[in-house]
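Starting off, we have a lone chain in the form predicted on its own, written out as structure tokens.
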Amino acid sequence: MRMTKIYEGAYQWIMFGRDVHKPEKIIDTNQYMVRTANRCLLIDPGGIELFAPMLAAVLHHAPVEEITDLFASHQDPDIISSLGLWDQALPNAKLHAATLWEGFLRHFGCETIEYVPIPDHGGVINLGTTELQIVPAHYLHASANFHIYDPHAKILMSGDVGAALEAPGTPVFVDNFDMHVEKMRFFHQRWMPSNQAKRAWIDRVRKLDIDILAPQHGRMFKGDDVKRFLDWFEALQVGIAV
């Protein structure tokens, strides 16, 4: 599994993905870790098929006892179906996820990890030396959906917003926005059900200072490509299957 450091200061952001050894019919996913001096947050830690390579990759950066928190943006299996295995590996950790999804996520296994319910309006995750904001993104695409914003690193982990389904060997950052658009179009038109929800999210996110927009699939956006994406997404009509 490829590891890419996307921010380094008093703490680190690391992206894990582009796993060339994953089963062919499983979509490629991006997992993220925020690593402070003595704590780690795993963001959308992935499906059950990725647990072993993900754990091995994470242990290059932190011992098990310092993996203290997990975050699930929503309930999809590619996000968090590995929960039952993390539950065995991290008995003292906390899972931050929507209040709405608790009864559903526990089907994956959540006996020892503490479930920390996130209310609809969002909240914060305090890692001691840094505090991350939980940003509402409901109906993009799940009915209870959240993103993570780091105001210091200026990173927005945007879940399925900004996603593109690509082969594991592709670059981690968008290098030609105009060409990348066609890799995103159908995903956003079909997976995102609500233009009203889309506009509400864009209005909220435009107020944030973002250097890197980091989706859960495909390439990340940085610099001017963040605004290009927001402008493109704002103009796109979604919910095409209705």
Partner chain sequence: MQVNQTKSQFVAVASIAAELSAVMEVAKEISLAAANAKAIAFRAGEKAKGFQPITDFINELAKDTIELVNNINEYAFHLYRLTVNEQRMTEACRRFEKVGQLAVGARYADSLATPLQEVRLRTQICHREFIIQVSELLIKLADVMHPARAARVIAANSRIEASQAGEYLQSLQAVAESVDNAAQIINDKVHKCRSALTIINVAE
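Positions refer to the first chain, counted from 1. A quick note: this is a predicted structure, and the numbers were derived from the prediction, not measured.
We do not show the form predicted together with the partner chain, though everything after this point is about it.
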Checked Tyr149, Tyr139, Trp101, Phe108 for heavy atoms within 4.5 Å of the partner chain in the predicted complex; positive is Phe108
My question is simply whether Gln88 lines the interface with the partner chain in the predicted complex - judged by any non-hydrogen atom within 4.5 Å.
yes
Applying a 4.5 Å heavy atom distance criterion, does Asp28 contact the partner chain in the predicted complex?
no
Any non-hydrogen atom of His61 within 4.5 angstroms of the partner chain in the predicted complex
yes
With the partner left out of view, is Phe173 within 4.5 angstroms of the partner chain in the predicted complex by any non-hydrogen atom?
no
Based on heavy atom distances of at most 4.5 Å to the partner chain in the predicted complex, which listed stretch, 204-212, 53-61, 191-199, 175-183, is the contact stretch?
53-61
Using heavy atoms only and a 4.5 Å cut-off, decide whether all three of Arg35, Glu49 and Glu65 touch the partner chain in the predicted complex.
yes
